[in-house]
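We begin with a single chain expressed as structure tokens, specifically the form predicted on its own.
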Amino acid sequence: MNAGGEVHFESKVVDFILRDGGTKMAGVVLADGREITGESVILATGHSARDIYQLLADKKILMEQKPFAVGMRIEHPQPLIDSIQYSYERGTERPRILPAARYNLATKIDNRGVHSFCMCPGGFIVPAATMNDEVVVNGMSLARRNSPFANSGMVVTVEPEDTVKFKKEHGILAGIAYQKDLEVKASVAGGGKQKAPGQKVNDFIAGKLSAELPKTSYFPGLTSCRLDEILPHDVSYRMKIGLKKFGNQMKGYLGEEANLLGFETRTSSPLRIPRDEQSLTHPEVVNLIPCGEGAGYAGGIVSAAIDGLKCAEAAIVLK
């Protein structure tokens, strides 16, 4: 690369090189035994690199639990969302000048947020698991936004105290264990092969099994399940109240074509790797710069990119 950088593909980090009794970060060890050293290490793994969180915990490098959110993907026909948002009768073709409609919904139920997340107009629901025993759903849109479906994450805030039942066994990684528990349950309920558990929105609110499910963009397919029974009660009851509120705001949002898929668990990291506000370095490990979503300092593509720029500038100062 023109600026002197190198990209090492298929090069998994398996250990840190620590000096001075574990208080100075000097580099990383790769799975093939190579060591890469430097004057500083920017740790920008993303929020699903659970092996790195485990490594940090094993090395007793300070981390903090933080709030995150879990829930489901909600999916509708895009023409339905268009008709609601543009206020025209269903069945009318959307004028070409108008983009596929999107929405943003948020409320608070008993001191926990309930909100839409990463809304994908004209998009697809896709599998996003990182291990074979998990089912995780996420959303995406192609540039043309021309899928017949609209989908969004629909999630409830989880505070560190909500993960207490995992604390004894998993310690600081209790939030990850909370996510993993839901992901494994989704895999079992779906029946394997990345099939996701699904339920009509109205049936979820009413607490009954869906006799059939609407069409979906999720390619592996769906299995009808009681998502309201699989989710933790604290999440499920808040989600039901929140969905009713959103249905009042968007007439038709809770119709028979609305579908829920489980589970959306990777909204953000359940952990934060602390850093100094000025130098951006870890307070206990010199030359370690936690960065982006994996470190708990970003909430999406743009904010992660901006944090990356900040961390690169911080590394230059250290040099």
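These figures come from a predicted structure and were not determined experimentally. One-based numbering along the sequence shown.
Absent from the display: the form predicted together with a small molecule. The rest refers to it.
Residues placing heavy atoms within 4.5 Å of the small molecule in the predicted complex fall in a single listed stretch, namely 290-298, out of 34-42, 290-298, 250-258, 277-285. The candidate spot formed by Gly46, Ile52 and Gly139 is fully in contact with the small molecule in the predicted complex: every one of the three has a heavy atom within 4.5 Å. Proximity of Leu231 to the small molecule in the predicted complex: non-hydrogen atoms within 4.5 Å are absent; the residue sits far from the partner. When the small molecule is considered in the predicted complex, Lys12 lines it closely, a heavy atom lying within 4.5 Å. Proximity of Ala304 to the small molecule in the predicted complex falls within the 4.5 Å heavy atom cutoff.
The closest heavy atom approach of Val126 to the small molecule in the predicted complex falls within 4.5 Å.
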